[in-house]
Structures are given as C-alpha cells and as structure tokens.
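Form predicted alone, single chain, as structure tokens, below.
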Amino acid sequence: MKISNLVCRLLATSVATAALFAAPAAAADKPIRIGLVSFLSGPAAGPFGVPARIAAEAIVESLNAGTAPAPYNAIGFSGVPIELVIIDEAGGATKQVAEFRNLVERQQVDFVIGYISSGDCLAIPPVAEELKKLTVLFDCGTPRVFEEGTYKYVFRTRPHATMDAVAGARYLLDTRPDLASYAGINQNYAWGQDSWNDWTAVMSVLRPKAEIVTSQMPKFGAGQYGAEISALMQSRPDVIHSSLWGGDLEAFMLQSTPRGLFRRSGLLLIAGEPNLHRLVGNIPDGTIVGARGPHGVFAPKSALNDWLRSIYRARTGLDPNYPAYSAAQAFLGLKAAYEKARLDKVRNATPMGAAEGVKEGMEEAYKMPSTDEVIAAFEYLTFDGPSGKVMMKLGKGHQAVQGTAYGTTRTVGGQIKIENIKYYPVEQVQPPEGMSSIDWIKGGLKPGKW
C-alpha cells in the first residue's frame, strides 16, 4: 500500500467520522422512537419500574442535549434526537404481547427497550422475531431466554441470573464456611424457579454437605406469607435464600421481621438492593444483599457513574438503584451499537485513496443505519456503562456478561449501608458460550475465558 493512499484513506475516514457525530438533528426525517416498557403500576412499580422509567427519561433528556460523558456525548443517536413511548408492564405476558404489537404496528417505534418480569421476557422474543423489531431486554434475569432460544432481533444488556446465584453462594460460604443448612423462599414463576434451581445446584457443588430444610414457592404477587414464614421458622435454617423482589419482598419482610424469623436464620437477598431505602427497620443487620451486578453502591468510580447519579438525583433526590443502572446499560448499549453501525457505513462508503470518498461518506453518514446493520454492530459488542464494562458474549453475541458484587447490611443513622463488599469477576460467575448454566454449574464451575 502506498503511503499517500493510506494517508488519504485515514483523512477521508477522519473527516467523515467527524461529520457523523456532528450531524444536525435536522438531517434526520424524524426522531428515533423507542418504546420503553416498565412497571408503572402495581407492587413492582415503586422499587423497580418507576426508578427505571425515571432513569430512562433522564438519560434521554441528557443524550438529546449532548451532555452525557464521552463516548456518549453525540446528540441523541448520532445527532438524531430520541423520543420515548412509555408503556406499563403490568398485566401479565398476554397483555404485554398485545402491547408490543401495538408499539410496533401502531406506534411505529424504531426500537423497544423493556421488561423486568422474566415471564414477559420469555413471551416477547418470539413476537419480536415475527415483527422483526430490534428489542433490548433491560432487566429480567432468567437464563432461559438465550439458553433455550436463538434470536436475531433480541438482545439483553444485563447478565442473566446464574451470576447472582453463583456469586451469592460464593459470598455466603466466604463469610460462613461452617454453613450446615439453608432454605428458600422464591416466587413460583420463571425468575424464582430458575434462581432456586441455580442456587441449589451451586450449593451442591460448593457445599454438598449443607442440608436443604425447606423450599417455599409462593405465587408471584401473593401478598400474604404467613404459611411460608411459619414453615421457615419451623425448619430453622442457618440461612434463607430469596429472590423475592418488588412488592413481594416488601410484604415478606414486613410480615416476617415482627415474627422474629431472622433471630435464628440469616438472610440472603439476591435482588434486595432496590428495596433497602424502603425497608429501614425491617432488614436485619448482616443480611447479604446483591444488586444483580456491580450497580448502585457497588458501582466503580467513573464519569459515567457520576453522570447517572447526578441526572437521577436531580429528578428524585435519591441515588439510582439497580433498575436505573439496568436502564442505563440498555440505552447506552443501543446507542453504542447504533453509532458503530453508522460509523461502519461511513468507513465502508469511503473508497481508499479517493478524495470524492469523503463526500460519499458524509452523505452516507446522514442516513440512518438499517436494523440489520445495528444488529451486526450490536453482536459481540463491548461497551462502557455506569457500572463498568459490558460484554455481549453469550447467546451468539446477544447476551451480556459482567462481574458482580455482594455485601452485608448495617443500619447507621436511619439508613441501611452496605459493608464488607466483595467483587467476583465474570469468569467466576458466568458460564462460557455454548454451555448451559446448569451444565456449567454441575461441571464444577470451571472459570471461562473472556
């Protein structure tokens, strides 16, 4: 290759890239419409759905203003503003399938970001494939989405729940190596079933002598837990594992604490972080708590973390919880994929050594990338979020992986603090590509290569 041709190529790409990220919003025919689906009513709204919606609105406002930190400081998506269409996730999977069709066929959204419930996350992907709509699952945990199916149009920008069980068990045994017995209370649907199955499988590998004394599986949204609390008290486990979340977790804690359940048994809450500020006085000191990733108090110091905390506090006066971080990962992951797809269009449209390629590249930069181009850019993408690096490494590049963290609670001055934090890298808590979570666990949790 001649040096002059190389210089010309680099100059052309540099100029075209600058044009890409400086492109005015007027260059787009219309804003990019994103359907956001989150719980806005019901018991899951307060600690989960509403914080996610607040974060999404704050993020979109900041992105449209171009005030997010690099590398997300281009206005909107590559200069094109974002418009949200917000839908309530309450109502069950059948209703959400109908709402999804409405978002695509009537509201004509360009992308969909959503779903906290694992049941909804299992129901939506086949419909997204049918309608060919790029959909980002932002919070749900069941590993079955990509372990039981292969999808072109569906991505999940947060790790699945196997990570929570593996890291939770490691933390428990790091802090209580003499553990002799445990019990569980988990919701009787995909999320609770998968969490308990992963947990018992991990414990059978890491602490095979520990006895399972009882497993309670109340229905999702049960509200009353008297019988389950009695069974847990009678079985007297060393620790109680729970993946209860939202209003179910709050109801359980408000009913179990006065009865003295935790005077004898410790507690491990896989998804407890969003409820901490709502349950002061009802979360016993020493409770092991996770945030389903290095989110919230577990998040590392960074410009992106400072940004999310700042824009969220401006709206609520509170620090963002992990559903807010989950929403941020979805929006930033989609933005990173979109802008990579657009940049790839520019590079591909700039012939080597041709000065006119700059003009062609600039013209190409003003065009929105196709869904297929965004999908190609999204697969196996690595991007930065407020809680650190996110790698799309599982599910043929459609499922994110991260490390995670756990800590224990202590109430100080009327607030619940997290202490004794321990971090677990991704290779210790996630199965490698091509292996199911259960097979990886039963095979001895051998560290993968990332």
Partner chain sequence: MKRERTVVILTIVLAAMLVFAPFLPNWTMFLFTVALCYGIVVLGMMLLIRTGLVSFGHGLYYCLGAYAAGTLEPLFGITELAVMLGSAVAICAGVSAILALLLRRYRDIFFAMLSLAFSMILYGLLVKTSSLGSTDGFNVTVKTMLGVHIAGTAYERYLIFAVTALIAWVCAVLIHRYLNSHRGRLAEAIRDNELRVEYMGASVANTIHLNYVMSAILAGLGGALMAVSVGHIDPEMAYWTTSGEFVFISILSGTGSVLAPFLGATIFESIRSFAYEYSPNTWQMALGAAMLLVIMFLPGGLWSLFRRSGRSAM
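Note that the structure is predicted; figures quoted are calculated from it, not measured. Take the two forms, find the largest set of C-alpha atoms that superpose within 1.5 Å, and that set is the rigid core. Residue numbers count along the first chain shown, from 1.
What comes next is about the form predicted in complex with its partner chain, which does not appear here.
Stretch 105-113 is the contacting one of 105-113, 285-293, 325-333, 300-308, since its residues have non-hydrogen atoms within 4.5 Å of its partner chain in the predicted bound form. Among residues of the shown chain, A190 is one whose heavy atoms approach its partner chain to within 4.5 Å in the predicted bound form. Not displayed here, its partner chain is kept clear of Y153 by more than 4.5 Å at the level of heavy atoms in the predicted bound form.
A residue is said to contact a partner when one of its heavy atoms sits within 4.5 Å of a partner heavy atom; R101 meets this definition for its partner chain in the predicted bound form. Although the partner is absent from this view, L122 contacts its partner chain in the predicted bound form, with a non-hydrogen atom inside 4.5 angstroms. Screening E373, D238, D88, E339 for any heavy atom within 4.5 Å of its partner chain in the predicted bound form leaves a single hit, D88. Put simply, of S242, Q96, T135, S78 only one has a heavy atom within 4.5 Å of its partner chain in the predicted bound form, and it is Q96. Taken together, S118, P126 and R144 are fully in contact with its partner chain in the predicted bound form: each brings a heavy atom within 4.5 Å. Once the rigid core is used as the reference frame, the Cα position of Y189 differs between the shown form and the other one by 2 Å or more.
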